[in-house]
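As a starting point, one isolated chain is supplied in structure tokens, in the form predicted alone.
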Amino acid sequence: MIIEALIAITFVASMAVLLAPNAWAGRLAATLSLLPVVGSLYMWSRFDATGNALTGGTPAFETTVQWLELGGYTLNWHVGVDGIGLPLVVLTTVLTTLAVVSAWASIDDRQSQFYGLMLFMEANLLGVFTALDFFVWFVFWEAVLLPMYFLIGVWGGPRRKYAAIKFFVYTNIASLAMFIGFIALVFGLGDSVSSLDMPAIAGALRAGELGSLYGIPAATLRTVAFVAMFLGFAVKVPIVPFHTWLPDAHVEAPSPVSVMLAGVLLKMGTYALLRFNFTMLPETATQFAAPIALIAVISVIYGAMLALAQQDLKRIVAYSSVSSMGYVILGLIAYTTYGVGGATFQMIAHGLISGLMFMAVGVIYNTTHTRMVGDMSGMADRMPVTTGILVAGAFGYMGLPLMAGFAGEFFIFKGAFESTVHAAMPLFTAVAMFGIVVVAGYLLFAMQRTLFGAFRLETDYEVGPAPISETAPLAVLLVAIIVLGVAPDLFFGMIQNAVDPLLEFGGELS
């Protein structure tokens, strides 16, 4: 029952913070957020799952309780984690605590509501990564949108309402497309399934039990449903051309919210693609291998080129996320142990690195009140700790060895080069690797202009070292990035354990 306790404690903590006085809401939120951190680390230390939760494996900390009957289907409270879900649970709890602490210096209005919504969002994110019944999963999936909408719309920048509405509209329409696609598959399975249990549905689909629906042949239904779900999840990732909501959301959101958006919420999309499209419909995925790999490469290169053209530090990091998520898609479609495993590992690595980058940019903004590259220079002399960590994080983005980003990208490239899903996979991978060069270009350019040289600031503010409440979370993230880079097996071993059965179930494609 530890998963239920983890989610319940986080929900209760969010309510307690919402009712707390503003003066100490931030400290209370940080203290209470440590409880899920402890719980997730306990789960990691006692993790004993075998295989993949959706392909006949035994999830850890599993609970199944019949809930209710709806439309002839049984809805169950079914939760559990395997080697894919647990690392994302740990990432969610750690990043939430660090984001909450980093917000102490910047959030000075309606603190209790802000921190309460942050914890409420965390509780629902934990549900997304642990739910194994579609109905339960979908409730958590949709519930994540509400706190993010208000966090952007209330505490964001001058165009916060526009950014919040754009975020909500894009993701809601995407959820509708995904929902229609999945339910069509469930109806097409007919009597093969009697519940919305995701392992049961995945097993039936992979066993070829999908039938026709209202005269639509099974093959056509499978293809249409795959495309609908892929498009729905692609918006959340996001990949080109569904990425336009992301820069606006990041620029207008407070930096702690950007940390959660880039660090965890984007991983919902890639996690769902892996769980639904690439696990439940592997044959269809391989049929679309070339266009999916092409989309991944375009996202990598186009996102990096857009970042190169930006002057706002937040927009630079935002477009970097589009580029990095392209690597994850490339790894998933490779259908090899290192490809899919590397993509999952890269979700964690990118969550930590992007969280660090957005947090560091926020620290600089809190002091200078500008994010524009041309408005400042020489920050290293005045803010040595912050700039040092920012530089280290940027090198992590570039794939510096012994950092988590290098391990994730190496696994992806190895798996993609070895992939046999399409003859052009080595070519797609080689082109995608060029994105690393572009990443190095725009990050080095931005750092050289803003962090080094003679001190200059267009805004009239005193610049000095950041307080410990801002630098401590940065230091923790940097340590985590280095630790995972030096010892990737802390997570990669359990990831491989969950990925291998996924490939074997449908026939190893490498």
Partner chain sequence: MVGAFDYAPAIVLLPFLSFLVALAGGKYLPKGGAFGGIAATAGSLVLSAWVFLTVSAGNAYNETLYTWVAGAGEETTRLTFGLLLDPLAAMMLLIVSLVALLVHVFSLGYMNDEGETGLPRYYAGLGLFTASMLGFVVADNLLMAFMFFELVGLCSYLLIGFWFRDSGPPSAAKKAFLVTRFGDYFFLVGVVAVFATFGTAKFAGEGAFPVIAEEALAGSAAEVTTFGFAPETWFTILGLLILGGVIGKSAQFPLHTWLPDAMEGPTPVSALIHAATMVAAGVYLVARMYGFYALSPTALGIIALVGGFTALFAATMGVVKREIKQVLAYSTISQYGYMMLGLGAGGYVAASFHLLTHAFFKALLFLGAGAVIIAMHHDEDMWNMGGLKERMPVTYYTFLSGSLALAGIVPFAGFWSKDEVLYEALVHGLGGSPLLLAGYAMGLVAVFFTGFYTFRMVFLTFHGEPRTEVARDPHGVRWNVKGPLVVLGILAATIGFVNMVPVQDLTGIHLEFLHDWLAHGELSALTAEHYGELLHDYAHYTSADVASYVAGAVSLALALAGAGLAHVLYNVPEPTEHTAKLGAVKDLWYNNYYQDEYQIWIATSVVLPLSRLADKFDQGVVDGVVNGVSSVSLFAGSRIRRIQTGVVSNYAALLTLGLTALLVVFGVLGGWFV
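Numbering follows the first chain given and starts at 1. Everything numeric in this text was worked out from a predicted model, so none of it was measured.
The next section is about a form of this same protein that is not shown, the form predicted in complex with the partner chain.
Chemist: Could you spot which one of 373, 305, 213, 294 gets a heavy atom to within 4.5 Å of the partner chain in the predicted bound form?
Modeler: By the 4.5 Å heavy-atom cutoff, the listed residue in contact is 305.
Chemist: Considering 41, 447, 476, 35, which brings a non-hydrogen atom within 4.5 Å of the partner chain in the predicted bound form?
Modeler: Of the candidates 41, 447, 476, 35, 447 is the one lying within 4.5 Å of the partner chain in the predicted bound form.
Chemist: Is residue 414 one of the residues lying within 4.5 Å of the partner chain in the predicted bound form, judged by heavy atom distances?
Modeler: Yes, residue 414 sits close enough to the partner chain in the predicted bound form that at least one of its heavy atoms falls within 4.5 Å.
Chemist: Indicate whether residue 491 is a 4.5 Å heavy atom neighbour of the partner chain in the predicted bound form.
Modeler: Residue 491: no, not in contact with the partner chain in the predicted bound form.
Chemist: Heavy atom to heavy atom, is residue 67 within 4.5 Å of the partner chain in the predicted bound form?
Modeler: Because no heavy atom of residue 67 falls inside 4.5 Å of the partner chain in the predicted bound form, the answer is no.
Chemist: If you check in the predicted bound form, is residue 312 within 4.5 Å of the partner chain, heavy atoms only?
Modeler: Residue 312: no contact with the partner chain in the predicted bound form.
Chemist: Does the trio 244, 436 and 500 actually contact the partner chain in the predicted bound form, every residue with a heavy atom within 4.5 Å?
Modeler: Every residue of the spot touches the partner chain in the predicted bound form.
Chemist: Counting only heavy atoms and a 4.5 Å cutoff, which of 269-277, 205-213, 134-142, 236-244 contacts the partner chain in the predicted bound form?
Modeler: Checking each option against the 4.5 Å cut-off leaves 236-244.
Chemist: Any residue of 51-90 with a heavy atom within 4.5 Å of the partner chain in the predicted bound form counts; write them all down in order.
Modeler: Going through 51-90 in order - heavy atoms within 4.5 Å of the partner chain in the predicted bound form - there are no hits.
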